[in-house]
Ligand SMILES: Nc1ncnc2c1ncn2[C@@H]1O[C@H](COP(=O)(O)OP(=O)(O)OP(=O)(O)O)[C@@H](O)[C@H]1O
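Given next, in structure tokens, is a single chain: the form predicted on its own.
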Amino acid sequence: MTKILVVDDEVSIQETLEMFLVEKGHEVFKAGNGQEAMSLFSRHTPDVVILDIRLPDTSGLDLLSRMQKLGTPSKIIMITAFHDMETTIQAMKLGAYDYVHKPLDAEEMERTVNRAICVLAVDRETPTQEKGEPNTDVIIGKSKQMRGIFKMIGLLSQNRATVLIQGETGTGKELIARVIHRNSLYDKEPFITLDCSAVVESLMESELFGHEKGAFTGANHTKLGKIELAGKGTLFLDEMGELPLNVQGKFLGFLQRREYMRVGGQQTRKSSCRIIAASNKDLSTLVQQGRFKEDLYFRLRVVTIQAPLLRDRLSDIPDLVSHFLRKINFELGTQVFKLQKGVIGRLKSHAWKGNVRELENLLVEAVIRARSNVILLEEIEKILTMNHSTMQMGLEDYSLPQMEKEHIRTTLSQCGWNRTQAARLLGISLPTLRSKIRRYGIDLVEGCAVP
């Protein structure tokens, strides 16, 4: 039986909530002021507290802070008749589970209480993911594709061969380049990056080779180029397909002779830096389109690494999730290390058009949204629904059954997985909804689904 503490100075609200919650099978304690509330809270350690912002002897926010400092797992739901931004922000900042406005709606209150109870139950039952400070310069994966990349990195560690890394956006091309550098004989030398898509065409030559003072209008001082800055280390050229054609020829000359001149300079300079280029576009296709020099393409692809799509190595998702949770919690100072049962399975079923980067971004949002130290399947569903609308996914990915499945899943999620309420909103009977849930294999939030 769930223990719920109701704190409100209005007797009518106390009694209404007591009758409603007792009818749902909960044990209810009532308090009309802060002193009485703290006494009951200390004695009974309730699972859920429904706490009014305005009390006769103290502020509900002060009471919230005092309850939080006791370190109990209790979920505290704030209620108020006032709709001001500052109070809402402060309540959530102090650790309130939710914030409900008066006049209280029975269905909203039931849904909020049920979700709080669900979070507590999942928290107790769910094992904690591995904690600890993350190693950010490590490639995560045990799949066949990743094992092949690890072997290639091992071979490249003994030489300075030019490397071309190809793969979709978000597949970790720069990370692969960094790991190659870190495992090389020149790992103490600089690792310099240049995003070819982020530099305007007129400045690209200067970015690569540097320029002398007075070389052009605005060149008020001598500037070292990325090649020179790399020294004996590694120069990583991201989005290589965006390198302007007029600069491609000069860069090809550098690769052939390992010599270059600063813009406006007369002195020939030499460089032994390793070149690692990356592209999310197929450079061979750009060659056929006349947008990339064939000779440069062949010079770059001495060794080619194809960064695999996340959807082609779904078996790596559990390890990636564990790694990202360590990283995210370390950076944000949070402690969200638990995943509700079903989360990993749902992540494996997603299309991941943004690859590993999309997965990391989703987990960052899930950690921020988490109101305890556990990520609920329901929250993952909400984020996926928000971030991957039909327009974003492309209409070609959706048949009518697929669209119906997504609509049902979205409605269920928004209703807190209350099937009765979802059926009413969808305009279908409860048996019909249950039939569609079975047909489409929609995973309900375990322990939180309401008949």
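None of the values given here were measured: they were computed from a predicted structure. Position 1 is the first residue in the sequence shown; the rest follow in order.
If you look for the form predicted in complex with this ligand, you will not find it shown, but the lines that follow are about it.
Novice: Quick check on this chain: which one of 293, 353, 313, 299 has a heavy atom within 4.5 Å of this ligand in the predicted bound form?
Specialist: Looking at the other structure, the residue within range turns out to be 313.
Novice: This ligand isn't shown here, but in the predicted bound form which of 360, 189, 110, 123 has a heavy atom within 4.5 Å of it?
Specialist: For this set of options, the contacting one is 360.
Novice: Please check if residue 198 has a heavy atom lying within 4.5 Å of any heavy atom of this ligand in the predicted bound form.
Specialist: No, residue 198 sits far enough from this ligand in the predicted bound form that none of its heavy atoms falls within 4.5 Å.
Novice: With the cut-off set at 4.5 Å between non-hydrogen atoms, does residue 170 touch this ligand in the predicted bound form?
Specialist: Result yes; residue 170 sits at the interface with this ligand in the predicted bound form.
Novice: I'd like to know whether residue 138 contacts this ligand in the predicted bound form, with contact meaning heavy atoms within 4.5 angstroms.
Specialist: Answer yes; at least one heavy atom of residue 138 falls within 4.5 Å of this ligand in the predicted bound form.
Novice: Determine whether any heavy atom of residue 97 comes within 4.5 Å of a heavy atom of this ligand in the predicted bound form, and answer yes or no.
Specialist: No - in the predicted bound form, heavy atoms of residue 97 and this ligand never come within 4.5 Å of each other.
Novice: Which one, 201 to 209, 161 to 169, 372 to 380, 345 to 353, holds residues whose non-hydrogen atoms are within 4.5 Å of this ligand in the predicted bound form?
Specialist: Of the options, only 161 to 169 has residues within 4.5 Å of the partner.
Novice: Though the partner is not shown here, which residues of 273 to 307 have a heavy atom within 4.5 Å of this ligand in the predicted bound form?
Specialist: Residue within 4.5 Å: 280 only.
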